[in-house]
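A single chain comes next, written as structure tokens; it is the form predicted alone.
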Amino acid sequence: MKVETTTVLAHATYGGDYRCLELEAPGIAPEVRPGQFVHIRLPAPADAILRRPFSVFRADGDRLQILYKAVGRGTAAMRHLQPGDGLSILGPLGNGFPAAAADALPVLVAGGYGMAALYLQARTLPRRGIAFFGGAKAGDILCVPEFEALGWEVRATTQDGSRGERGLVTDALDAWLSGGGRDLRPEFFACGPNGMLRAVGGRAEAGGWTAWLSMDRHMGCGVGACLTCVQKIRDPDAPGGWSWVRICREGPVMECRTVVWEGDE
């Protein structure tokens, strides 16, 4: 983990409401592993004192890229960054995705930003599989050309039907499983909203498969000190059968069987 003042190399619209920020980060970029994240100190507004976590989309040589969407004051301020600007980042942080089992078919499941968070894993895995991407509308389906260029089959679903099949990403996943996918020994790698993660994990548990979930929690420090991003996990040695872990340190990637979801205590 390092703190580095990086230089903005490029900053452009990526698709829909999303933007791609490319940074020169020679101290951090070479160390990034699939599923890890960086914590960025935003240049403005002045009262945005806490860093913001962002998944790493690409890491090549001394450069890294993140995809983001302006959803608040902090990320809205990021839109004004220009090539040559300096930006302080902390990273790489967290435990990322493991390698897939040798006899398993890797299956990626993503919603929104999750597509970018899965790209490095898709590029690293020696065996190509199938990727299910879901979003509210066509503009929320990201990175399809990049995944297809790697040799992945991509199936998209949108809630309004403006791209791919209409419905939820789990609808397409269920159709694939019932159409023979369950016989291919799938191993899931997922990133997206918690409801989607819980649904993917539930299907994996029911089928006897493995699912690695990249958990999303609000973070303060990003290094495990503030305890704002804790998650319950199963722990047979702890009172009640569960204990707390920090998503920024022990996560963000967790195997589905370890996660205790709200209401499951």
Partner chain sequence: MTATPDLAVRIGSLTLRNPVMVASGTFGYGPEYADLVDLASLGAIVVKGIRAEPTTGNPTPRTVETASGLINAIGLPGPGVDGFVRDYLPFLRRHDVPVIVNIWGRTVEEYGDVARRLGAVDGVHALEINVSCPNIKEGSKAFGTNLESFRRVVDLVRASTRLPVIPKLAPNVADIASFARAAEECGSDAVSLINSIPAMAVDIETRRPKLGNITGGLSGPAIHPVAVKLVWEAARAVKIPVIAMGGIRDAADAIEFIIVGATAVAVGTANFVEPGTAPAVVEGIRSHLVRHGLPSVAALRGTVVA
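Numbering follows the first chain given and starts at 1. These figures come from a predicted structure and were not determined experimentally.
In what follows, reference is made to the form predicted together with its partner chain, a form of this protein that is not presented.
Trainee: In the predicted complex, does Val223 have a heavy atom within 4.5 Å of its partner chain?
Mentor: Although its partner chain is absent here, Val223 would touch it in the predicted complex, with heavy atoms inside 4.5 Å.
Trainee: Is Leu120 close enough to touch its partner chain in the predicted complex, meaning at least one heavy atom pair within 4.5 Å?
Mentor: Outside the cut-off, so no.
Trainee: Just checking whether Arg234 would be counted as a contact of its partner chain in the predicted complex - the rule being heavy atoms within 4.5 angstroms.
Mentor: No, Arg234 sits far enough from its partner chain in the predicted complex that none of its heavy atoms falls within 4.5 Å.
Trainee: Heavy atoms within 4.5 Å of its partner chain in the predicted complex: does Ala206 have any?
Mentor: Taking the distances in the predicted complex, the answer for Ala206 is no, it never comes within 4.5 Å of its partner chain.
Trainee: So its partner chain isn't shown here. In the predicted complex, which residue out of Arg33, Arg217, Lys69, Arg198 has a non-hydrogen atom within 4.5 Å of it?
Mentor: That would be Arg217.
Trainee: Counting non-hydrogen atoms within 4.5 angstroms of its partner chain in the predicted complex, say which of Leu105, Leu125, Leu90, Leu168 makes the cut.
Mentor: Checked against the cut-off, the match is Leu90.
Trainee: Based on heavy atom distances of 4.5 Å or less, which listed stretch (82-90, 147-155, 112-120, 131-139) is in contact with its partner chain in the predicted complex?
Mentor: That would be 82-90.
Trainee: In the predicted complex, do Arg58, Ala100 and Val253 all put a heavy atom within 4.5 Å of its partner chain?
Mentor: Checked in the predicted complex: no contact with its partner chain for any of the three.
Trainee: Going by heavy atoms, what in 231-251 lies within 4.5 angstroms of its partner chain in the predicted complex?
Mentor: Contacting residues: Trp242, Trp244, Arg246, Arg249.
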